[in-house]
Each structure stands twice: as structure tokens, then as C-alpha cells.
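Only one chain is included here, represented as C-alpha cells and corresponding to the form predicted alone.
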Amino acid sequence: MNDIIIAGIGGQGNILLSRVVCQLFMNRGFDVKSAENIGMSQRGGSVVSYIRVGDDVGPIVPDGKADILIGLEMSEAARNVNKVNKDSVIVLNNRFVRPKNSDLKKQQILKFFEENFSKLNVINAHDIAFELNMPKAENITMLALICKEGILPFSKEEILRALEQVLTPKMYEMNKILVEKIYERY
């Protein structure tokens, strides 16, 4: 797994999630490149992070080359479908925010992914983050669930180490509890 796309909307913690994923790979000794595309993120606009692992690669994932697409929001995942191929792993947060000036519906997007990608995983990170009283931590909820399912090859201990390296001490303590609960309950 060398090329990862994280797609979401402003306020979902896309950039933070990207930094934690980069730290996870760097802790294993990999060379990592990343870049972000941020458009009107303060107003709920599109935010896309590109992560590439390996030597001699640029930071932007070429079209059709992403190994995994993590969709923090479904319509933004659909917007970045040009970056994946039939063999890509798709992980969708079961959250839909209808884009303005669009008639798209959640079921249309789900049907599209179900019909076109055999390696589709839909995760209910939004509801789980609320259940665990951490509604602003959908991003770390997604990461913990993705790693627990083996989609990304990192252990709980590796996640906690990366979080400690990236977050402030206060934020780390809150997210540590979240990750522990996810590994216990889900």
C-alpha cells in the first residue's frame, strides 16, 4: 500500500488524519511524501490529502494509482474517484453531506461504489464517535477502525505512539481514550 487519498470536507480533521498516517509510516522507517488540496475548507468545502510511501515519488497521487481511498464524507470520496482503480480499497465513512447545487443522494453514491469497487468498506465512524462522546474525532475513529480491520497495517500501540508524536498532550490523552475504547468495543 503506497498511495493513499483522504477525502473529506472542512472541519473533519482530514489534515490531522493525514499527518498521523504519515507519522505511522515514518515510524516504520518509510520515506513519506504528502500534500493537501484545500478549497474553502473553512466553509465546509473540499479537503483532499495525498500520501505517498516510497522512494522517488512525488507528493501527488497520479490518477488511477491510489491503493486506498479514505472517504471521511461520501460525496467528497466520489469526487476523487478518478484517483482510484478497480483494485483500490475504498473506505467510506457512512456520512453524507449533500453538496450545494446538487441533487446527489447518499444511496446513489453508495450504489455507485458498491457496483464499481469490490474492496468497499463502509464504516459508521460518525455515529461511533458520537457514541464515545468524541464527536469531533471522526478522523481518529476512522483510523482506529481501519487499522483494527487490517486495512492499514498498524497496531493499536503504533497508533497511540503516532498520536503522541503529532498531538498536543491534552489532545493525545483524549484520543488515547478513544482509541482504547474502539479496540475494546468495536
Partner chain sequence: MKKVLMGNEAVAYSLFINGVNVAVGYPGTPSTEVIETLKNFQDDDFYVEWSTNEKVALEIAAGASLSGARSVATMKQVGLNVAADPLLSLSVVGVEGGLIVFVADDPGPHSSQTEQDTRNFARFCNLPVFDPSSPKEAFELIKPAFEISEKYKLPVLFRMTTRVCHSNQSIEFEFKREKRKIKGFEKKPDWVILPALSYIKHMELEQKLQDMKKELSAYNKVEGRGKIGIVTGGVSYFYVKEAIKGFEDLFSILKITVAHPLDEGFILEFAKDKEMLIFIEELDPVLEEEVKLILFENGRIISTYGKRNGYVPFAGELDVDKVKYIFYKVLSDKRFLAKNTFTDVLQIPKRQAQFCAGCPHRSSFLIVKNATKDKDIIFTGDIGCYTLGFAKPITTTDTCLCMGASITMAQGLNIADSSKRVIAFIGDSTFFHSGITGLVNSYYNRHNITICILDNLTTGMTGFQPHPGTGKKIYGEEGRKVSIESIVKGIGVERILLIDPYSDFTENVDKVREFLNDEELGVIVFRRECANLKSRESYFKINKNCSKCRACLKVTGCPAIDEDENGNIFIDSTLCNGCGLCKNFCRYSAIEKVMVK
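Residue numbers count along the first chain shown, from 1. Note that the coordinates shown come from a computational prediction; the quantities given were computed from them, not determined experimentally.
Here the subject shifts to the form predicted together with its partner chain, a form of this protein not shown in this document.
Item checked: Contact at N2, A7 and K119 by its partner chain in the predicted complex, all three, heavy atom at most 4.5 Å -> No, the whole trio is out of contact, none within 4.5 Å by any heavy atom.
Notebook entry, point to check: Quick one: does K176 come within 4.5 Å of its partner chain in the predicted complex, counting heavy atoms only?
Noted result: Judged by the heavy-atom cut-off of 4.5 Å, K176 is well away from its partner chain in the predicted complex.
Next item on the list: Classify N37 as contacting or not contacting its partner chain in the predicted complex by the rule of any non-hydrogen atom within 4.5 angstroms, answering yes or no.
Entry: Heavy-atom contact with its partner chain at 4.5 Å: present for N37.
Check: Hey, in the predicted complex, is V89 touching its partner chain, heavy atoms inside 4.5 Å?
Finding: No, V89 stays farther than 4.5 Å from its partner chain in the predicted complex.
Next item on the list: With heavy atoms only and a cut-off of 4.5 Å, decide whether K156 touches its partner chain in the predicted complex.
Entry: No, K156 sits far enough from its partner chain in the predicted complex that none of its heavy atoms falls within 4.5 Å.
Next item on the list: Give, in sequence order, every residue of 120-151 that has a heavy atom within 4.5 Å of its partner chain in the predicted complex, or say none if there are no such residues.
Entry: Read in sequence order, the residues that approach its partner chain (within 4.5 Å, in the predicted complex) are F130, P135, K136.
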